[in-house]
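Shown here is one chain on its own, the form predicted alone, set out as structure tokens.
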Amino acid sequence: MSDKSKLKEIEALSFEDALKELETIVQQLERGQIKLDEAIAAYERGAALKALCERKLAEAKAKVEKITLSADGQVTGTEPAGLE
């Protein structure tokens, strides 16, 4: 699988799926359960998964921050987060 197709596959993951896979990779690396070459590939994939999770969290935070409130604190709607 090429690097581009690996990145596309990672980009298609939900936050929850990416986080679960990242946790699995971290556990494998911590336990030393994989060979060096596989550990390097797993680390690289883990870095890409971490970046995806961080980006998705930032996007979610921006959306939450764009919820508009009235003067008395009631939710009045939302504004586009401007991330797209």
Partner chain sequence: MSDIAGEQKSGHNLAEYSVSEISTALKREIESLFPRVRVRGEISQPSFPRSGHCYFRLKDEGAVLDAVCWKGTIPRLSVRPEEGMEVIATGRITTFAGSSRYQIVVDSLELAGQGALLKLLEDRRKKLAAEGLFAAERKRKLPYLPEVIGVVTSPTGAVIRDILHRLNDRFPRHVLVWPVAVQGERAAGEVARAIRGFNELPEDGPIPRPDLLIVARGGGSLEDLWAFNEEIVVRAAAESRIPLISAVGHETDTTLIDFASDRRAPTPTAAAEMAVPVRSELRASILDQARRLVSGMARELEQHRRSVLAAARGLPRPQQMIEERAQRLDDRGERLLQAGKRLIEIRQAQVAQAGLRLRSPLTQIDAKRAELLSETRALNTAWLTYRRCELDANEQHCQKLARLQRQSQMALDGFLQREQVRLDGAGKLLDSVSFKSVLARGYALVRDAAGVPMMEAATASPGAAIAIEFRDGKIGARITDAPPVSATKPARPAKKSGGDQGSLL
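The shown structure was predicted, so the numbers you read here are calculated from the model rather than taken from an experiment. Numbering follows the first chain given and starts at 1. Between two forms, the rigid core is the largest collection of C-alphas that superpose within 1.5 Å.
The same protein also exists as the form predicted together with the partner chain; that form is not shown, yet it is the one meant from here on.
Taking the partner from elsewhere, V64 is found to have a heavy atom lying within 4.5 Å of the partner chain in the predicted complex. Using a 4.5 Å cutoff between non-hydrogen atoms, E11 does not count as a contact of the partner chain in the predicted complex.
The partner chain is not shown here, but in the predicted complex it comes within 4.5 Å of a heavy atom of V75. Although the partner is absent from this view, L69 contacts the partner chain in the predicted complex, with a non-hydrogen atom inside 4.5 angstroms. Annotation for 6-25: interface residues with the partner chain in the predicted complex are F15, E16, L19, L22, E23, I25 [heavy atom within 4.5 Å].
Taking 2 Å as the criterion, S70 counts as shifted between this form and the one not shown: its C-alpha moves by at least this amount when the rigid core is aligned.
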